[in-house]
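There is one chain below, alone, in structure tokens, taken in the form predicted alone.
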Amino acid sequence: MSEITLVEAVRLALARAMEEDETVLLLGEDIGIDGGVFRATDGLIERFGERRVMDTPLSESLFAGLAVGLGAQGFRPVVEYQFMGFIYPAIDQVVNHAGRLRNRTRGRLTCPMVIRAPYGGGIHAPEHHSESMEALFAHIPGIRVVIPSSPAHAYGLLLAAIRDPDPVVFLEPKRIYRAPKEEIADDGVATPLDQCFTVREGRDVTLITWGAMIIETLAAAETLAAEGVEAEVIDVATLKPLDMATILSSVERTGRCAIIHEAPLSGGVGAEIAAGLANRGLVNLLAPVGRVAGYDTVMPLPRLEIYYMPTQERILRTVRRVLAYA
């Protein structure tokens, strides 16, 4: 067992999956010799060879289509996009083929492919490098959307995604790629998909979040605890399909809720969660659901990025407003 970062946990999971299953292939721009932009695949071409770790041309739609074909024919391709902002040319393949293949063939074929991409802001990168567009993929039928928030979850969830018989979009919050660290045993044990994780228990308010925003949310919960308010923190982890049962159970106990995400407010996954609470948990709510999110604008890079990103202070203001509601 060793203490590693989130990006190292991704590499560890990829290596484990490739060791266990020779049908697991890696595709992407500069993932071989260079080891990827963030070095997530560093050293894997030396271990597994260029037939299983393949550098692709600069054609995002092309290698998404290649992955669909490989998945349909018995392979388990894992595709890396350098940044989420580069993933959009692949949406044609994801919507029209990967997400439809099981239904189109009435179950005769499946598409066990994983699309990996660093996502989110916080590193002062140029345009197209700080996107949080997870809601686009959550809207596509037939697609799972998974976002880890820690090294342990990155390892276990990625293994589960690779082993899943259907396509998974696996978004990695690059702001926490190298901090914090966790001890992880490379035991090949997958973390279950399609369920939320309660990372802090509480009785007064439920805070729902995912990805890198877990850092600010837990910090806000610590501040609230010093004020005598015990916040329960839920890491959604799998955004599609959404585990509303865990969320509803928490809100039934606390009666109050705030949803925190980095993506723009309008049309976000937070809105879907709020709708689920309104439809199935309204009788348990003692206050309107609070939401803390990015703004409905392109990430204002680079100097205004800190004003766009939800902060601990913004979370606390929203939670206090929810708590004050009579």
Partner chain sequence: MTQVASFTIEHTRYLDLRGRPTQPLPAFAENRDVLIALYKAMVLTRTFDAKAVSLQRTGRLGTYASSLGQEAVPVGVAAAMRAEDVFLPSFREQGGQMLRGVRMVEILLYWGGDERGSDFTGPREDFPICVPVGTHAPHAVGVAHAFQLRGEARVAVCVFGDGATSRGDVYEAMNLAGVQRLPVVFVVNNNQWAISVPRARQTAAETLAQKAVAAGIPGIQVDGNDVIAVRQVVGTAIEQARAGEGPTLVEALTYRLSDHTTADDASRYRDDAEVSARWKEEPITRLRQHLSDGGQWTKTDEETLIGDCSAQVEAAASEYLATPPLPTTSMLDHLYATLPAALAEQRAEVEEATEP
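All values reported here derive from a predicted model rather than from experimental measurement. Numbering follows the first chain given and starts at 1.
There is another form of this protein, the form predicted together with its partner chain, and it is not shown here; the text below is about that form.
*Does Pro89 make contact with its partner chain in the predicted bound form, using a 4.5 Å heavy atom cut-off?*
Flag for Pro89 set to yes.
*Should Asp166 be classed as touching its partner chain in the predicted bound form when contacts are defined as heavy atoms within 4.5 Å?*
Looking in the predicted bound form, residue contacts with its partner chain include Asp166, since a heavy atom lies within 4.5 Å.
*Contact label in the predicted bound form: Ala17 to its partner chain, heavy atom within 4.5 Å*: Output for Ala17 is no: heavy atoms all beyond 4.5 Å of its partner chain.
*Though only this chain appears here, would Arg144 touch its partner chain in the predicted bound form if you measure heavy atom gaps against 4.5 Å?*
Contact with its partner chain, yes.
_Using a 4.5 Å heavy atom cut-off, which of 177-185, 206-214, 135-143, 153-161 contacts its partner chain in the predicted bound form?_
Heavy atoms within 4.5 Å of its partner chain in the predicted bound form occur in 135-143.
*Can you name the residues of 102-123 that have a heavy atom within 4.5 Å of its partner chain in the predicted bound form?*
Residues within 4.5 Å: Arg102, Asn103, Arg104, Thr105, Arg106, Arg108, Leu109.
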